[in-house]
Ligand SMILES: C[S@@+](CC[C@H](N)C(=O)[O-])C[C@H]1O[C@@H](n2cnc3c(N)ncnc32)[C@H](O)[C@@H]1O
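Read the single chain below, which is given as structure tokens and is the form predicted alone.
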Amino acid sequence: MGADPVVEHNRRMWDRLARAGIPYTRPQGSPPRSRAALRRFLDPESRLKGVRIAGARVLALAAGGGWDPVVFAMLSAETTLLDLSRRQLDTVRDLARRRRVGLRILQGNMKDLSRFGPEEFDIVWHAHSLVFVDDAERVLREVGRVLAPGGTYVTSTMHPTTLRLYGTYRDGGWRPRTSYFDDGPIPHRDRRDATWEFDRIRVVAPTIEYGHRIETLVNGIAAAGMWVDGLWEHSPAPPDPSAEPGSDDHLESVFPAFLEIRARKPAGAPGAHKHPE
């Protein structure tokens, strides 16, 4: 596909964030030794319960910077990583070298999986990245094409309601940045709003983000020839009654931070439904 200004902008921003070493761009924790513990480390909520990983063909989609692709390889999966940021790919390449596992590492846009053949993967593992593309339905069509019959797709992203509320607390309540029905990018209010801050690290990186509606994701999965068999809304920590009113912790105590969906492609199903471009 041709030049994509949203993808190119976000690639530059993620390389900037990776240079600064924010937590989302580097591995967290250290994988344990036993295979059972490795599975829990990779998949603590058991979204892949009952799914065979050893010998499976896995696409770790937009999964650069962290342990997930390496752990799949440690669990004997035939693993491919596709990510936008070369710096985050280099991080995973180094992790794989240290753990002495092999995996295929490719730089690319999740909206264009044309380098892969139909039904090439048994598992597509897609964590926290749909928010950074403007056309989630296109991504889902691509996933439906490359996922094999009987395969499993797990994706997570920012919750479309909560994403519109961060930093908007005024006079005892939140004021959404934009309508839930607005398909455009979530607007940044100022430079501070575009600053990623973790402990002493502060990086101005105005990523372009989209709060894809739940109906868009569920209907997009169905149109891609898959069926949803699990949907979860959750925050990273339990409610904190001591959280400062208006803080992110406060917001995530009353609204879910993340939306997670698991889908399956029926065994014997034809390829993804055809859509006009």
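Model, not experiment: these values are computed from the prediction. Residue positions are given as counts along the sequence shown, with the first one as 1.
Form predicted in complex with the named molecule: not shown, discussed below.
**Asked** Which single stretch, out of 186-194, 165-173, 140-148, 124-132, brings residue heavy atoms within 4.5 Å of the named molecule in the predicted bound form?
**Response** That would be stretch 124-132.
**Message:** Taking the named molecule as it sits in the predicted bound form, is Ala62 in contact with it (heavy atom to heavy atom, 4.5 Å or less)?
**Reply:** Looking in the predicted bound form, residue contacts with the named molecule include Ala62, since a heavy atom lies within 4.5 Å.
**Request:** Answer with yes or no whether Gly108 is in contact with the named molecule in the predicted bound form, where contact means some heavy atom within 4.5 Å.
**Result:** Close contact exists here: in the predicted bound form, Gly108 approaches the named molecule to within 4.5 Å, heavy atoms only.
**Request:** Classify Leu84 as contacting or not contacting the named molecule in the predicted bound form by the rule of any non-hydrogen atom within 4.5 angstroms, answering yes or no.
**Result:** So Leu84 counts as contacting the named molecule.
**Prompt:** Contact between Gln88 and the named molecule in the predicted bound form at 4.5 Å, heavy atoms?
**Reply:** Contact with the named molecule, yes.
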